[in-house]
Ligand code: DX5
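Okay, here we've got a single chain as structure tokens, the form predicted alone, with questions on binding and movement later.
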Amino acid sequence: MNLLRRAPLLAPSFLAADLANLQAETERLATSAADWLHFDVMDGRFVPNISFGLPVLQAVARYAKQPIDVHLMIEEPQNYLSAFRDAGASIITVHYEACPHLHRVVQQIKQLGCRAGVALNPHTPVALLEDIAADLDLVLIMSVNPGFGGQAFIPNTLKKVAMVKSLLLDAGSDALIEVDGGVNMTNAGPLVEAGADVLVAGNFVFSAPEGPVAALANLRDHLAGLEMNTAAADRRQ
């Protein structure tokens, strides 16, 4: 079955935004094709980089019109869940690799009224989600090694997305599949076809010559065109 019939959500990543003008970037995205705003938090421990913290999220949330999708690439995320909710997070994703008591952390996120997601690093097997899949709202597949923007997309991600889709179906889970890292016009269609529901795009959006609003519109149009072509092909069969 071809899955391009389901329109994916687009989530531009602030890691690639103009950090000196986050208010302007947030306001500009308010009228764009963005469905969520992706906010990467790095602590310099779980990943070899430091990015945004709570004050920056609070500042962005004041001007955001879309839900804020917070990706915690940090150690001991359970200590900060309520703070990130209060700062403006609607979706909170933690890493499988950072949570020895993952079920407890997922339940904590849900009790705060947020959607709960779990992220997998490129080397982490999909099968490890089997016992938690039914409790999740989101599975985030890292298509680059976490910690830095601008990395090349890992091709094995396509296979991994399909495996997650199968695991979620078997578990009766409605969790969305999100892909983060190196997403562009070339791989967006294959990712959605493999089962991705949410595409995180950073450099592709914010470094586009035409600007982020036009880049998101072009990506949306591209995916819609693929959907139309697939539907036409199905009618001919």
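Residue positions are given as counts along the sequence shown, with the first one as 1. These numbers come from a predicted model, not from an experiment.
Another form, the form predicted in complex with this ligand, is not on view; read the next lines as being about it.
Not one of E25, L37 and P212 places a heavy atom within 4.5 Å of this ligand in the model of the complex.
In the model of the complex, this ligand sits within 4.5 Å of a heavy atom of G147.
This ligand is not shown here, and in the model of the complex it never comes within 4.5 Å of any heavy atom of L226. Contact annotation: Q58 falls outside 4.5 Å of this ligand in the model of the complex, judged by heavy atom distances.
In the model of the complex, at least one heavy atom of M142 sits within 4.5 Å of this ligand. Only one of the listed residues (T124, Q78, Q107, Q151) places a non-hydrogen atom within 4.5 angstroms of this ligand in the model of the complex, and that residue is Q151. Between the options M73, L136, L129, I91, the residue in contact with this ligand in the model of the complex by a heavy atom within 4.5 angstroms is M73.
Of the candidate stretches 198-206, 167-175, 28-36, 58-66, only 198-206 has residues with heavy atoms within 4.5 Å of this ligand in the model of the complex.
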